Structures are given as C-alpha cells and as structure tokens.
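In the form predicted alone, a lone chain appears below as structure tokens.
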C-alpha cells in the first residue's frame, strides 16, 4: 500500500498544480496587490520548487502530519478525521441498502431464471445502474421530503452509535431522528450498489445451480431452500464478496455527490470545499485517507475469501 499512497499523493499534487487559480489570490481576494500575494505565497511555501513542496509534504505525511489547512488554519488530520465518521456511517448505510435489496433480488432472479420476475428484476437493476446519483438524490428529496414531508431533506442527526446509546437510556426519539436523516442519503448512495449486487448474485448463482453437486443434492431429496442457501449460495458468493468490498470503497469515495446534495457533513463535502478553494493540503489529506481506507477494505476482502471458500488457503 505504500507505493499506492505515494502514487496517489503525487497524482493529486500534480493535478492541483494545473487547476486554474492561486490559493493566495483566493485567500486575499481579487483586489490584493501583487506584493501582498507574493508575500503570502512565500509564507505558505508556495513559491518553492514543486519537487521540494511535494517531498516536504510526503515526508511529513509519512510521520502522520498531513499539514495545516490554508483557509481553515487547522490541522488537516483533525479536519478529516473529524468528518470521517459521518462519511463511514453514510457508506455503511448505502452498503446495507445494497445488500438488503441486491442479495434477495439476485437470489430470486437466479432461482426463477427466465421468468417474468427475472426479467423485471434485471430491468430494475439496469435502471439502478443507469440513473445518475445526483438526479436520484434530488428526486427522492423532492418526493419524500418536500411533497410528502415524511423525511428531512438535508442535514445529519445525531451519530447513529450515539443515538443508539441515548435510545437505550430512554430517549428513542433521538435514534428515530438520526435514522430519518440517514434514509434518503443511504438509498441514494446504495441504489447503484444494489443494482450491481443483484446482477452479480444472479449471474454467479445461476451458474452454480447447474453444477453436479447441486444436482446430486437435489437427487438426494435435500429441500430446495437448503440447496440454494447452504450448498449453492456460499460458493456463488466468492465473486460477489469481491464486488461488495469494492463497492464499500466506492461508496466512501462516491459519497462526495450525495453529501453535497443532502448537506451531509462528511469528508466528501469537505473535499468539495477544499477543491473550490485550492486548499492543497486539505485536498491531499482527504484523498489519502479515503485511499487508505479503500486499500484496507481490499485487504479485508482478500482475507474473507478464505472464510467463505474452504479450498482457498493463504500462506
């Protein structure tokens, strides 16, 4: 993961250098004098050679110091990790939607392959893959928040873990409010994952159901539900687990649009603001943290393979 992190840092640093605009000008305003801009650039270290800036940043990052935000004047690590729980909560909500909807839909479509239900479910899955996230979020907000008034349109309630504790202490209304704020962003973020998961489960399980050991189990009189869920589904889940792991990483990074639409105070919203201000340390910090989480998720998926498929052994 170390070369991956270094490569990501280099790419983000290079891209930020070609984005139009100067952080010093943004900070001081368009009416600032050239002398004031030059003085601020020198104070921020932006007048140093790019290679010196990059390796200086990289050296500090390897020691856990992600620098200080140019505009917010706070350590980047504190800003990012302060927003990270909200993003992880939203990503987990989206992943839960993807699993709760995608897995049963894919299993039923595979069991009833070629039926009207199979055709309809795959058509819905194709629609879920094709619909843009920003459009879906706005439509859900319009229907369920503005017109029906069932759910809040923007913002985040109390963190779910804190809300659970308060609910156990006799304040269930806090948990209800927290979940109500989480529903629309989670559905928006998880729709694509649900569609992709259902298609993967359907394809993988349909191939597994025609294997010899499945026919043998049926010939022995094993109940149909046991054949599907105990014998076939476990072996069919191997490629699905890979997709689910990648989906979680994608949800972490893809939460940027969803957080912006719903005013969710996560890392994505922080990154959008940092990019608009050309706050280089903050942009790099958000990208590096998300990339690090993505890498850890991929590692966890590799380890889960062995638990799901007994023929896989790691040495």
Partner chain sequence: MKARGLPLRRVVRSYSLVVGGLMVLALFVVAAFAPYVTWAPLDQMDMGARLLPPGPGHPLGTDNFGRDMWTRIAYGARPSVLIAVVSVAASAALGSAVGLVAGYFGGWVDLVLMRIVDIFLGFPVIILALALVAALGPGPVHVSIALVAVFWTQYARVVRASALAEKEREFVEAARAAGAGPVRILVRHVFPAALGPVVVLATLGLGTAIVSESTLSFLGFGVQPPAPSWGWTLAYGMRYLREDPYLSAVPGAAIMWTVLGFNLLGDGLRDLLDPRGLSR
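Residue numbers count along the first chain shown, from 1. Small disclaimer: the values here were computed from a predicted structure and weren't measured.
Separately, the form predicted in complex with its partner chain exists; it is not shown, and the next lines address it.
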{"property": "Contact residue in the model of the complex, chosen from 81, 213, 144, 134 - any heavy atom within 4.5 Å of its partner chain", "result": "134"}
{"property": "Listed residue (238, 129, 77, 100) with a non-hydrogen atom within 4.5 angstroms of its partner chain in the model of the complex", "result": "129"}
{"property": "Touches its partner chain in the model of the complex: residue 272 (any heavy atom, 4.5 Å)", "result": "yes"}
{"property": "In the model of the complex, residue 304 touching its partner chain (heavy atom, 4.5 Å)", "result": "no"}
{"property": "Exercise: residue 179 in contact with its partner chain in the model of the complex, heavy atom 4.5 Å", "result": "no"}
{"property": "Proximity of residue 261 to its partner chain in the model of the complex, heavy atoms at 4.5 Å", "result": "yes"}
{"property": "Listed range touching its partner chain, judged in the model of the complex by heavy atoms within 4.5 Å, from 91-99, 183-191, 134-142, 213-221", "result": "134-142"}
